[in-house]
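In structure tokens, one chain follows: the form predicted alone.
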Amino acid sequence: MKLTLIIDAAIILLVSYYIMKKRLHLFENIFILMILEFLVTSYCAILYINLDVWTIANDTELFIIFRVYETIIYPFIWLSYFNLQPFFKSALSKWIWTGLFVGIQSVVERWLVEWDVITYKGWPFWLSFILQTLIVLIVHLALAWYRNLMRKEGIPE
């Protein structure tokens, strides 16, 4: 049942992303997706392999849920965030928007903890919140660098 819900959520997220009006250039979307895949898989692997502060369930269904979360749900939520962000003009609305999406990501991770997909071993939940914020900051900085590079290369926005 849990796997079905996650697969359905991933499909809905993918379909909604692909039918939404994108504000970013195709190359920017691809760049963001690559950066997010790299950061998310590294972030998760470091926490559950190197630091051993997370444990991922050994059950096949729960492990598949984690992989779908890590490779589809997590990056596409942030990709949607970056495509919707240009709609907001004021700094306050952008901060609220960022806080909302960090909250969404944190709730999804907490949901996985409640389902015993992820088990925290001495890992406080607020650190996940801080790491989510750090990932968004890194992607913003990488995107600013990439936009500058695209501008120098003469690729229109």
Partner chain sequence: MLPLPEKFDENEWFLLLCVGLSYLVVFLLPRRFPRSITVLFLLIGTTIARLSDHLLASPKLDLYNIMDTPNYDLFDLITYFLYAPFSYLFLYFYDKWNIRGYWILLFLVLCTAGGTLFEWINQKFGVFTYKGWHLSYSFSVYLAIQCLVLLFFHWVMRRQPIEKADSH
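Residue numbers count along the first chain shown, from 1. These numbers come from a predicted model, not from an experiment.
We do not show the form predicted together with its partner chain, though everything after this point is about it.
- For the residues Leu127, Ile30, Leu92, Leu100, the 4.5 Å heavy atom test against its partner chain in the predicted bound form is passed only by Ile30.
- Remark: Leu112 does not count among the residues lining its partner chain in the predicted bound form, judged by a heavy atom distance of 4.5 Å or less.
- At a distance threshold of 4.5 angstroms between non-hydrogen atoms, Met150 is in contact with its partner chain in the predicted bound form.
- For Ile35, a non-hydrogen atom is located within 4.5 Å of its partner chain in the predicted bound form, even though that partner is not displayed.
- Mapping the unseen interface onto this chain, Val107 falls outside it, with no heavy atom inside 4.5 Å of its partner chain in the predicted bound form.
- Shown here without its partner chain, the chain has Tyr48, Ile49, Asn50, Leu51, Asn58, Asp59, Thr60, Phe63 in 47-66 lying with a heavy atom within 4.5 Å of that partner in the predicted bound form.
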